[in-house]
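In structure tokens, the next block holds one chain alone, the form predicted on its own.
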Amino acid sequence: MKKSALPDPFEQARLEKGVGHMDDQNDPVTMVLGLKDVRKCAHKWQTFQSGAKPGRIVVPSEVAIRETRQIPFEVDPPEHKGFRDLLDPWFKRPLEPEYQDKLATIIHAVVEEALNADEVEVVEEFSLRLQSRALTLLLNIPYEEAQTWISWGTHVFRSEGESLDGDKAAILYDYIDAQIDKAAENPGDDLYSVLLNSEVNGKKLSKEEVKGVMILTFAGGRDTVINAVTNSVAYFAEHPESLQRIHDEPEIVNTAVEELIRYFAPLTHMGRVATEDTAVCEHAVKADTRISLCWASANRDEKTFPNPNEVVLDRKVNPHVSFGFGTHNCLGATHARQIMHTLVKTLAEKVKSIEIVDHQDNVEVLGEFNRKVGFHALNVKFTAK
């Protein structure tokens, strides 16, 4: 099997039962596996809520390491709309040509660094750098600040081999508190300052609400972008013909990006908490228990995607759910798509070949399922055109 391949561990359970089961810190989760069912449950926010106890809808649960509610991720309608109306214009800025030019400069620099190195460890030295530097643009803060985030390493909430680490999480929370205080004293045109001076539903945002937005912005786009970028590099290493095809047919860049995001599904799943006794795929779900919307399984649903376990760069119909679905679709999707679009285009223009030297898989253990989500380490050699 190719190193870039991500098998579908959910296929049998999806076909036979429609659900899977896992225990998460003694708070069991019913995993919803089919695309149609995932979308239906995501749509029914009254029955499957996001606004539960802070941290509980994340799998693994973060209840033990945070009390701050991530906004708008852990807020349900009607309050949710006020926050989205405020945040959407800011997070749609990657559609502006000036933003895209600045992002291209950042990504070109990361690719050039890789081309000039003898060998690159993609997770830490390529993907983390790219993600962190691009985030300075999203937050509208100095580029140099990326070095601080890079110094944290890839896992802000975890130590190697552990599911959660409150001490590591505190580094991020303390950092955000300090940045909010700084912006309160000396407002600028960065996201912290904009939020501190904004109102939602007729009320000024509190520091705790600003912190909730910022924690989501840092945490939500970190591992996901790193996984998407690293997996794509591995894929192009083993499929140089795909990189050449994108170079020769630049008009397929958008469909290629959507397909890579579908196939690699950078985030496996996201939880919800049932507000009443209900059922999913004829399986009983009790009030105040959790389900998860398994994006990675839904993206391989054979009822929707022909050849679901293959990367089809020009896939015509691609209703993947890698960025979620419904009310709580991903706030950072525009930024993530623009990163991937620019990266894929840049690799096709500048890179002749990528050779994998060695690798260490990152496998998630999810109850009855083991899913390769990406890599802990991926050492490669880039060769320029």
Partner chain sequence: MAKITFITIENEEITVEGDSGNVMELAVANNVAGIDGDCGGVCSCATCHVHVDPAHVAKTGEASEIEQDMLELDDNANEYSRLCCQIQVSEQLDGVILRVAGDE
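The structure displayed is predicted, hence computed values, not measured ones. Positions refer to the first chain, counted from 1.
Absent from the display: the form predicted together with its partner chain. The rest refers to it.
- Looking at residue 255, you'd find a heavy atom of it within 4.5 angstroms of its partner chain in the predicted complex.
- In the predicted complex, residue 36 approaches its partner chain with a heavy atom inside 4.5 Å.
- Although the partner is absent from this view, residue 318 contacts its partner chain in the predicted complex, with a non-hydrogen atom inside 4.5 angstroms.
- Within 4.5 Å of some heavy atom of its partner chain in the predicted complex lies at least one heavy atom of residue 92.
- Across the proposed site, 3, 269 and 307 without exception lack any heavy atom within 4.5 Å of its partner chain in the predicted complex.
- Only one of 57 to 65, 26 to 34, 40 to 48, 346 to 354 places residue heavy atoms within 4.5 angstroms of its partner chain in the predicted complex, namely 40 to 48.
- The contact with its partner chain in the predicted complex, taken as any heavy atom within 4.5 Å, belongs to 337 out of 69, 359, 328, 337.
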